[in-house]
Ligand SMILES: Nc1ncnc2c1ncn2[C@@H]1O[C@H](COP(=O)(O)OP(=O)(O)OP(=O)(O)O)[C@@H](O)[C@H]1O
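First comes one chain, alone, set out as structure tokens in the form predicted on its own.
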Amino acid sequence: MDNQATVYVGLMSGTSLDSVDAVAVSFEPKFTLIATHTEAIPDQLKQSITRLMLPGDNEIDRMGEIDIQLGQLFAKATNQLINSNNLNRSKIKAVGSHGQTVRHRPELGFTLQIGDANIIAEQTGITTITDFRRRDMAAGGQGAPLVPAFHHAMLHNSAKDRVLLNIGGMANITYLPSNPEKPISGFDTGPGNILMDAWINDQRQLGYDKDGAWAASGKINNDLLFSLLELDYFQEAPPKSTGREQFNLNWLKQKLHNFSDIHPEDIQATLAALTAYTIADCIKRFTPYSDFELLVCGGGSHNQFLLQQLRSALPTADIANSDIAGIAADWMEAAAFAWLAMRCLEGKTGNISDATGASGERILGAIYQA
């Protein structure tokens, strides 16, 4: 890395609640991933966040407490990233923090990400930018997905159409046409890992299905799959976005009432099939489904059973990990919010209105000076 290059830190804590991803990156003269760090979310905090994500009692007081705890955790992740990699703090221009989504209700016009940026700025001594989604919503958008703008800036290929697939808690795609005159699109296809993680935690007290091994030990139940697919969201046209409000363990268990005789591993296999089917269906219906490259990132990129289902559903696609295009699959979203922080400070737009449904491109983010 050029010692004179400006560095940005990106922080991402997604709907999976597995950890806080922290990256230090530079965009001069090209994208460079300088350092990474993963900060585990303590179990008690994770449980508190999960409860806050669904309606309940005393929400405001609970949110206030968790907002502070997350701010401290995000600051800790940033300081650990800097200290463990001997980074020069004075070279870091800003921290871009996505925050932790605790409610996403685009149908009501609001979204809420918490993790007090005042605390991050105070405890790191670095200008912090957060609250990226609500300006897009103010312009009539869904507030999500925001990563397509980053995908376009970093990964557009003039020789071949690309689809970027992020499989986090939710799954979302970005369509990047090779022809720059064609519109870019991006939206949430539905659940990514969220239901699989919830089910294996409920049944086996594990955080996730490593490599999709448990799903691979089961058999897909088509009757259950078709029942899950009855949800209206799967038929809606983009722009659209979703979250834990829709896809959660309670929703899954309600669906399972009529399927009490299915083995747990068969349910896991069916949940993986649901993720793969809805991703493939959206690609077929809402992109020019022909010869294209599908680059996969996010935690789900390690689920071999899920990838097998995707390859079966999309036989003409060239499916690969996003690492081959120069951005590591595990750090894509954190890097995106470092980029959004840079765009904010430079007074440049950070959304793609064709993806979010906003009335136009907007400068995103609120700045908290060091």
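Being a predicted model, the structure only gives us computed values, none of them experimental. Position 1 is the first residue in the sequence shown; the rest follow in order.
Absent from the display: the form predicted together with the named molecule. The rest refers to it.
The contact with the named molecule in the predicted complex, taken as any heavy atom within 4.5 Å, belongs to 211 out of 223, 291, 211, 230. For the chain shown alone, residue 167 is a contact residue for the named molecule in the predicted complex, at least one non-hydrogen atom being within 4.5 angstroms. The shortest heavy atom separation between residue 145 and the named molecule in the predicted complex exceeds 4.5 Å. By the criterion of a heavy atom within 4.5 Å, residue 46 is excluded from the residues contacting the named molecule in the predicted complex. Interface membership of residue 298, defined by any non-hydrogen atom within 4.5 Å of the named molecule in the predicted complex, is confirmed. Only one segment in the set 105 to 113, 85 to 93, 275 to 283, 211 to 219 has residues whose heavy atoms sit within 4.5 Å of the named molecule in the predicted complex; it is 211 to 219. For the partner-free chain shown, 193, 197, 208 of 181 to 208 come within 4.5 angstroms of the named molecule in the predicted complex, judged by any non-hydrogen atom.
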